[in-house]
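Only one chain is included here, represented as structure tokens and corresponding to the form predicted on its own.
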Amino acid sequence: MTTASAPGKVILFGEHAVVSGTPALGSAINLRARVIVEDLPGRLEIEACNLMLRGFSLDLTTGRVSSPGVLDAIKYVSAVLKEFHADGLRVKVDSDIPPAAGLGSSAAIVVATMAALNKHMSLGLSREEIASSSYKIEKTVQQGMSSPMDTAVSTFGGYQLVSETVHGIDLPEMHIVVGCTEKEHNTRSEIQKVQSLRSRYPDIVEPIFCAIGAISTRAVPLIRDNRLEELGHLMNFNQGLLEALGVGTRELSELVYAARGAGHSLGAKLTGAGGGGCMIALPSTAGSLSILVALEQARGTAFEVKTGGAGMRLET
């Protein structure tokens, strides 16, 4: 039996523009997906006990599913197993990362599955090869609409600056507050929407992408030097640009303004593809409590996370 885990992520800056090669800054958070791989001769089965769904199991040999409507939730695990022609295994998935919320749930599951299979099947893949293969699999499942951000963060952890390439940056951890709308989003659909807008209005959208990239680059020294008030301003700038691209929603805006207003946050923005999912807020020196209360009062689900967490790892 082999167990591996990988972290979720927040995109601090750079959503959507990163798909076109503009810099984006992401960070691992202290929410993780865990995958257990064990031998199951003659069968191939996936079990999930905590994906914010009711427990279910899928027998890939017979096609029997214990609950309807779960195939979409496990399509990434299935893709990994098919990629490496895995058979005679049971794969158990357990994740405390909210799905379809912009926190990298699918990437964490792919990376954790890859890491567990790599060990269990003695594939001999390096960490870099796991990141590359995970990105390829996620991109295939999402039909080409993805960036290497999520899988890079889940694999390597810490902070990752992504554009045409991916490289880690040594930055201190931060405490941020996440607010979830409980409205799932569709990453592929939101990316398609923005790319369609770009094709119709390149002279307008390209400068927005450039501005988002400049924000991502400016944010790095601010985090390094703990200049959080300036960092909050950049978060607010980035939110306005994302709204201009049409990926904000009423629910997300209500949480953003609740965090900035009653929550007294230094800055707040959506994280991920938008169209639902989550936002993040940067607490002031007064702490996170007022933000948590404000987000709950605005009908969101709120919790605090730490950035800069560990990447994928094998667990005993």
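Just count from 1 along the sequence shown to find any residue number. Quick caveat: nothing in here was measured; it's all calculated off a predicted structure.
Although not depicted, the form predicted in complex with (R)-mevalonate is the subject of the following passage.
This chain lacks the partner; the member of Cys180, Met149, Leu231, Val80 within 4.5 angstroms of (R)-mevalonate in the predicted bound form by a non-hydrogen atom is Met149. Taking Asn236, Thr187, Thr217, Ser132 one by one, only a single residue has any non-hydrogen atom within 4.5 Å of (R)-mevalonate in the predicted bound form, and it is Thr187. In the predicted bound form, at least one heavy atom of Ile191 sits within 4.5 Å of a heavy atom of (R)-mevalonate. Contact between Leu295 and (R)-mevalonate in the predicted bound form is not found at the 4.5 Å heavy atom cutoff.
For the chain shown alone, Ala273 is a contact residue for (R)-mevalonate in the predicted bound form, at least one non-hydrogen atom being within 4.5 angstroms. Contact check for Ile11: a non-hydrogen atom falls within 4.5 Å of (R)-mevalonate in the predicted bound form. Stretch 149-157 is the answer when you ask which of 109-117, 89-97, 149-157, 206-214 has residues with heavy atoms within 4.5 Å of (R)-mevalonate in the predicted bound form. In the predicted bound form, (R)-mevalonate lies within 4.5 angstroms of at least one heavy atom of each of the following residues of 10-32: Ile11, Glu15, His16, Val18, Val19, in sequence order.
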